[in-house]
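Next up: a single chain in structure tokens, the form predicted alone.
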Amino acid sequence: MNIASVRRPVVPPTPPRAPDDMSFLGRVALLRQNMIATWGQRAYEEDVIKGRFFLQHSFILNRPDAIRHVLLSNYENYTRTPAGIRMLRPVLGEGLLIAEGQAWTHQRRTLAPAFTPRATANLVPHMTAVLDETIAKLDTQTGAPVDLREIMQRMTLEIAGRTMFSFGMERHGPTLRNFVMEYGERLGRPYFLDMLLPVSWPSPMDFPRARFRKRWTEFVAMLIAERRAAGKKDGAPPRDLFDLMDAARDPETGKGFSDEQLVDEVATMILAGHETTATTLFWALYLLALDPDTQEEVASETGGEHLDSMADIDRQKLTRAVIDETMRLYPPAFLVARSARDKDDAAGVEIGKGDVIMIAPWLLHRHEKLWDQPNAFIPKRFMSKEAPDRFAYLPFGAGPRVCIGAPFAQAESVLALARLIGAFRVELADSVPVIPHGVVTTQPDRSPPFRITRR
């Protein structure tokens, strides 16, 4: 894509790229700290990189046609890797993101009606209520350094709680945040034996993960019990996601979710619905603080209106482009790893049984053959008539397993950013670069202080 820009675009800081000849042990040591720092310059230039992932052959795919084959044309041939299952199952159980085969098909069909654009539109009032409260709180902090990363985490958690259960997260929010932090800081990181051993062989970290899962599922089950105790008026329309998910039935089999399955689905939606959106909003605010001209354009787009509907959200074209560009530069899921069930030909790439396929949105979104000025922040590239290839831009994945909550996440992100920038001018309170770290998601290495002032 060729992008014409009058002013020089902002190029946000990134980790140093690894030497292409870095040793295997050096990459393994760096893997647990920041996976996106393990890739060298070749990974940003070449279409396919063949190597070894521990005892197996591996491929990094940067070709959209090969990615299309793996994620769409022959997606049933590719499953999660043992390491991926180990790191996700304790928090997501057998929910939609983990399930395979018929179990996945049943869950996808059953959940689909809860995540249509119409269903999302019915949840917008929950979002706007939390945004009103957040803006009111921020009004008391103007002029002083504020931690917008923490504020975004609390805000999106509150939105997740209200859209899921119709109740606030004042009492339960700290516990939920502690679970997320506990898992991300230690248990969700890859260890050597996690990647070396098959799933049927427990690794040393599987034991603390199992203890974590017991506590975590008990907590989510308690939230569900509290929501059920609140009840629902007979004949009343669904008021939240839980109503929709609890009543959902597979249109082909007529089966709904068991209580155990519902715990996993609710856990998946709460985590996916707040952590990744909070991170995207943080990065968007950081980029707009680095680029005050674009920030002013976003503020002008709202026209000072109180946005509170899907129609309002759909009119925010530049704000949506800022979110799209943010997810290009900082994709929440920086890596998709799959294991081949059988040999395959992925658009000319010969893949053997058991080979590991790595599709890294972090690399793909910054690939020098696919993007003009790939490391620069240029939101208007997403307002161009020349759209990126569908399989060169994967913030929510692609194919049958594309993120079911994408319409919800996009609506929430655009609405929140438009409202926040429409209300406040955002600046960084220090000049220390913020470096992205890829561990579970694409997180900042620190929470920089911001300074906000009322418009």
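Residue positions are given as counts along the sequence shown, with the first one as 1. Computed from a predicted structure; not experimentally measured.
The next section is about a form of this same protein that is not shown, the form predicted together with a small molecule.
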Check your understanding: Only one of 101 to 109, 186 to 194, 312 to 320, 374 to 382 gets a heavy atom within 4.5 Å of the small molecule in the model of the complex; which is it?
Key -> 101 to 109
Check your understanding: Does Val402 reach the small molecule in the model of the complex if we count a contact as any heavy atom within 4.5 Å?
Key -> yes
Point to revise | Contact flag, Pro395 vs the small molecule in the model of the complex, heavy atom cut 4.5 Å | key: yes
Review point. Counting only non-hydrogen atoms and a 4.5 angstroms cut-off, does Leu285 reach the small molecule in the model of the complex?
Key: no
Review point. Though only this chain appears here, would Val130 touch the small molecule in the model of the complex if you measure heavy atom gaps against 4.5 Å?
Key: no
Study note, to complete from the structure: Only hit among Leu364, Met155, Ile357, Leu97 for heavy atom within 4.5 Å of the small molecule in the model of the complex is Leu97
Practice item. Select from the listed residues Ala83, Val124, Ala272, Ala346 the one whose heavy atoms reach within 4.5 Å of the small molecule in the model of the complex. Key: Ala272
